[in-house]
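A lone chain, given as structure tokens: the form predicted alone.
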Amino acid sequence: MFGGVSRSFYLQEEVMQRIIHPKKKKKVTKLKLDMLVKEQEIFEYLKPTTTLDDVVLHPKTRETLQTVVRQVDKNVYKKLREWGIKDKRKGIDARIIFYGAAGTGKTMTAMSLAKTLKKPILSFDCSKILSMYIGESEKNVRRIFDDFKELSRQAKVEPILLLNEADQFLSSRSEGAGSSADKMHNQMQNIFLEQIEKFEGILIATTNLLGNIDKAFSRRFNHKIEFKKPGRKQRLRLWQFMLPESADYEEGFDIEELAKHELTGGQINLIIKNTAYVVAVRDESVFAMSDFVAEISKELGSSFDGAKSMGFKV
């Protein structure tokens, strides 16, 4: 009917993929966020391997985090709406600060919370924010939140924002005239306060120095969770979960004896790895108590107070 004239129609690759694979939308979205993060220099895209069920936590800490998780429950959300606590936004709103000694699992717990909620997590190291140029640091603080919102918008997801080593933002502000450096620091903190106040979603800040936190910041966080060094019972669980199951151990090997040493989860993780490197080069690769005791002595006797900034999983 067209007199032999043919017509060709072209569809974009993205449209074709949606037609061919309509159920792969979530997977494509996740990969898209990953790729977007690679194109910028501010955030790191973290890939959690554990959930909250896999991490050794203090019972009170677990209870608090479960309260956050349950915000997605329909009945809980309905009650919060009726009470006027939440608006129409169905997502979780939580501004959390994890504080405690290095190596107690703050970053690992943040990642495990993300996996439990099936959310991506973007991390920013706050120690990188300082600039040589006056005025640039303030711009960089805004950029953290602006770029996070833009990445979320482009990928159409709601990642968790993890602010590691947030001590410099959270410390008490300088009073009086002060130097230009003090003024810049105060301005950075004011911007940080403002952005936290307006933040929608889940924000987690980690710090080792809660005692220096400005009271104005304390009021901005819904949940303040302390990560204490593990007690003997928790240390025993950590040793049990972290020791290689397939390895050979000397007769009479006593985990209870190892648990007596006051170590953080990060230190236990490091000691096991260092001991494994020593044992693996032997012809008879058998783990002995003396191997662990030697590494524990090195760790506890280090000039860095033995605090290694590492998470732990079980």
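Numbering starts at 1 and follows the sequence shown. Everything quoted here is computed from the prediction, not taken from an experiment.
Absent from the display: the form predicted together with a small molecule. The rest refers to it.
Participant: Please identify, from 148-156, 100-108, 185-193, 218-226, the stretch that has a heavy atom within 4.5 Å of the small molecule in the model of the complex.
Facilitator: Answer to the contact question: 100-108.
Participant: The small molecule isn't shown here, but in the model of the complex which of V279, V55, V37, L65 has a heavy atom within 4.5 Å of it?
Facilitator: For this set of options, the contacting one is V55.
Participant: Please identify the residue among L236, M242, V72, L80 with any heavy atom within 4.5 Å of the small molecule in the model of the complex.
Facilitator: None of the other options qualify; the answer is M242.
Participant: Would N269 count as touching the small molecule in the model of the complex under a 4.5 Å heavy atom rule?
Facilitator: N269: yes, in contact with the small molecule in the model of the complex.
Participant: So, E165 and the small molecule: in the model of the complex, are they within 4.5 Å at any heavy atom pair?
Facilitator: So E165 counts as contacting the small molecule.
Participant: Would you classify N208 as touching the small molecule in the model of the complex, given a 4.5 Å non-hydrogen atom cut-off?
Facilitator: Yes, N208 sits close enough to the small molecule in the model of the complex that at least one of its heavy atoms falls within 4.5 Å.
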